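So this first bit is one chain, no partners, the form predicted alone, shown in structure tokens.
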Amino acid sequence: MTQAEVDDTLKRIQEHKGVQGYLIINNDGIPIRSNLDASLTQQYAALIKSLSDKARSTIREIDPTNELVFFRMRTKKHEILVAPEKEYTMIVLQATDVQ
């Protein structure tokens, strides 16, 4: 993807109702882009990276021919949407109370 395509995609994501923020991390869990504050970015990057790695290995252990492409967690406060790719992972925080 080009930088313009990434920017357009992030803009479209932010325009969805209830989206509170996003971050993109590399395979080492280092934030590449984020619109969250620095401490929240670091916290989500580290914790979601660990969770994503565990989820990916669990799927592979169940079926070595399968791979994790997306997962969603819903809490009382928000949903966390995670899309792991080969070189990066996109994480989106979304409010759960949006009509």
Partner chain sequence: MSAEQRRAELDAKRAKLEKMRQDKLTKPSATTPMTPNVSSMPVVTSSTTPREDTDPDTILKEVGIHQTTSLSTSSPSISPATTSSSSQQKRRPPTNIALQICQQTSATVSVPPKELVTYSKEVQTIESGEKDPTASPIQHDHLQWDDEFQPSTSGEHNRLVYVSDDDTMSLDENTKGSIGMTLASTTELKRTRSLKQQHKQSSLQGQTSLMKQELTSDEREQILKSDHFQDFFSRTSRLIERSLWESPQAFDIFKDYSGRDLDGQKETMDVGEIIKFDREFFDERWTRHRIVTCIDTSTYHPELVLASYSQNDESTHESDGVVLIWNTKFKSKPTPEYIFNCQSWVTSCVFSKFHPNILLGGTYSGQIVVWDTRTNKRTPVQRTALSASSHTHPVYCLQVIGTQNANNLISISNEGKMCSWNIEMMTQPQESMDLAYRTKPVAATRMVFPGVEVNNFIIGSEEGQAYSGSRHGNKAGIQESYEGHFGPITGLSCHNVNGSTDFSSLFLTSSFDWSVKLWSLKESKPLNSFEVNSDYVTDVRWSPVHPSVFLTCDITGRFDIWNLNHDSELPLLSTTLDGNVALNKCSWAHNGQQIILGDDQGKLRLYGVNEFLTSPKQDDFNKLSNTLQEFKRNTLDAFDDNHPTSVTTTTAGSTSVSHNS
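Residue numbers count along the first chain shown, from 1. The model shown is predicted, which means the values in this text are computed figures rather than measured ones.
Only in words, not in the display: the form predicted in complex with the partner chain, which the text now covers.
In the predicted complex, at least one heavy atom of S57 sits within 4.5 Å of a heavy atom of the partner chain.
The partner chain is not drawn, but in the predicted complex it has a heavy atom within 4.5 Å of D28. Although the partner is absent here, Q43 is a contact residue: one of its heavy atoms lies within 4.5 angstroms of the partner chain in the predicted complex. Residues from 9-38 that approach the partner chain in the predicted complex with a non-hydrogen atom closer than or equal to 4.5 Å are T9, L10, R12, I13, H16, V19, I24, D28, I30, P31, I32, R33, in the order they occur in the chain.
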